[in-house]
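Just the one chain here, the form predicted alone, laid out as structure tokens.
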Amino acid sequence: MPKLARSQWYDLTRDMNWDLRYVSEEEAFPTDMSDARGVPAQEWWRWDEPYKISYGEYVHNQADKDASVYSVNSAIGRSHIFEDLDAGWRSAIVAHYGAIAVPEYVAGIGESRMARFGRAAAWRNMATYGTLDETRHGQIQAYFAHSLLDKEPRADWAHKALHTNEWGAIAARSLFDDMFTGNDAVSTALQLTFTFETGFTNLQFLGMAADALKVGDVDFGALISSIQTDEARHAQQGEPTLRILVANGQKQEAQRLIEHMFWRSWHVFALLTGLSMDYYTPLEQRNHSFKEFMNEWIVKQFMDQFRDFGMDLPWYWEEHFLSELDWYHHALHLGVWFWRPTVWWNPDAGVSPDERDWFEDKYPGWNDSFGRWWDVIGENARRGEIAQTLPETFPMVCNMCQIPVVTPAGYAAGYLSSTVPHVLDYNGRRYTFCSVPCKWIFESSPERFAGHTTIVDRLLGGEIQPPTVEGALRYMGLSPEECGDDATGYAWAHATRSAPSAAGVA
């Protein structure tokens, strides 16, 4: 075989499907792990990945990428680049590592499940590489975070976060357990590789890598770029899976799976990436807003994909998703900053006069909707009354996405079609939801989600003792040294608007 061109042997070795004789189809591919949705086995054999690679090529490429990115990390580690980075950007890095490093490793469970229970040999072959990819992504991000410990001790949350009961970690676990560890192979292909990776993480890494280079963070930029090249490959497993389902009369089931995970992914994406792009990235490096990024890279892409596959836009697309692009991450940011002791990074308020001008330009009406809250907070900060900017209790938390319930204000308030929060009584327990789509996801599969408790459920249920902010912080695993604080020491509250440049003076 080494003497043959790849085209002469690749399809034979990666596509070895066969009829089962010694065991039944159900024994080899149990429904819980590999629900075929009624599609015959021979139809699944039509599965064809768009990105073809052999094991030898894979190992060669990965070795080159590792050699490159680890050498950058080694060189940067001997410099003061990290210490010289903008405080808000450093917070974005610490938040990213805590939320992403271990989930990347856990994603290997979803990939390995497809590698064993995928319905076609070509699919199982592709998912095997995906398993190796996700293992690499978890390891390399944990390593890079570890290399920062002497400069930023909270970088250890890259490993620690998902092992705690910190509220953001609970939200991340809820999403990723739903997507990775509690899913069959077909659902994983549509929800992880098609919806989450193709639609969100692949493009997040492109945007984050570009922003990292703009702010001078060569280390993080090299890391994220290296990961993105893997994501671009194994994210392609969703498309052939979707094609087969649609071709065999399972369009509605595919639609349901995608609508479910798109909404869940959007809420976590807004929390992590929305804050980083619009508030933690230095103003001079913001070439586009989070909303512009979403419209260009995700909204347009998904609309093209839905059209190409003959799918419909999610039922909540206009009224809920597109409406939330205007306000949702701004409301989350205000809440995260106010409840900053409950996170493992230092939130950057990002609301100096110049930044507020930028927000008003990118999100007309921002000052009326959110600026008036920051006016009060800023005045307290200038008077030195920091205690007035800290929480005394906790907000309501959604029983679906596990993210605190926020609502639009000012210009965006008209979006609401009904009272928020939304509630549902199920099996003698009341559940609270932040949105109509979150309630819909729960009602679609209540047995999947009903047993979970939010951080506030645990507080009210007596699980957290004492039932105070201090008791809750200990329950979350946050020591006083780890609790978040304002990234810039409230410098934004004392900043003045920059004078117009000479070029802008008439």
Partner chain sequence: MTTAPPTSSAAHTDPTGMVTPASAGPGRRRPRTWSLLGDVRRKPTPYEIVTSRFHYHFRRQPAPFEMSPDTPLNLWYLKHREGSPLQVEDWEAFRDPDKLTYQSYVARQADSEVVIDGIVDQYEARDHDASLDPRWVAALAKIYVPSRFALHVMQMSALYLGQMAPSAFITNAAHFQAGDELRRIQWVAYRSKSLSLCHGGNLGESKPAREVWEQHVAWQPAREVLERLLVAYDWGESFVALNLAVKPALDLVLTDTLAEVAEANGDGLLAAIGRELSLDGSRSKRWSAALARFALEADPQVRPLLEGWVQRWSEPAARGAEALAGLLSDAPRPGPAAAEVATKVRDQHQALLAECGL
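No experiment lies behind these values; they were computed from the predicted model shown. Residue numbers count along the first chain shown, from 1.
This protein has a second form, the form predicted in complex with the partner chain, left out of what is shown; the following refers to that one.
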Looking at Tyr129, Phe433, Phe290, Phe269, which is the one with a non-hydrogen atom within 4.5 Å of the partner chain in the model of the complex?
Tyr129
Which of these residues, Arg286, Arg116, Arg243, Lys251, gets a heavy atom within 4.5 Å of the partner chain in the model of the complex?
Arg116
Can you tell me which of 318-326, 301-309, 174-182, 346-354 lies within 4.5 Å of the partner chain in the model of the complex, counting heavy atoms only?
174-182
Does the partner chain get within 4.5 angstroms of any non-hydrogen atom of Phe29 in the model of the complex?
yes
Examine Tyr51 and determine whether its closest non-hydrogen atom to the partner chain in the model of the complex is within 4.5 angstroms.
no
Look up in the model of the complex whether Tyr143 has a non-hydrogen atom within 4.5 angstroms of the partner chain, and give yes or no.
yes
Given that the partner is absent here, does Pro364 sit within 4.5 Å of the partner chain in the model of the complex, heavy atoms only?
no
Within 4.5 Å of the partner chain in the model of the complex, which residues of 97-123 have a heavy atom? Give them in sequence order, or say none.
Val102, Tyr105, Val106, Gly108, Ile109, Ser112, Arg113, Ala115, Arg116, Phe117, Ala121
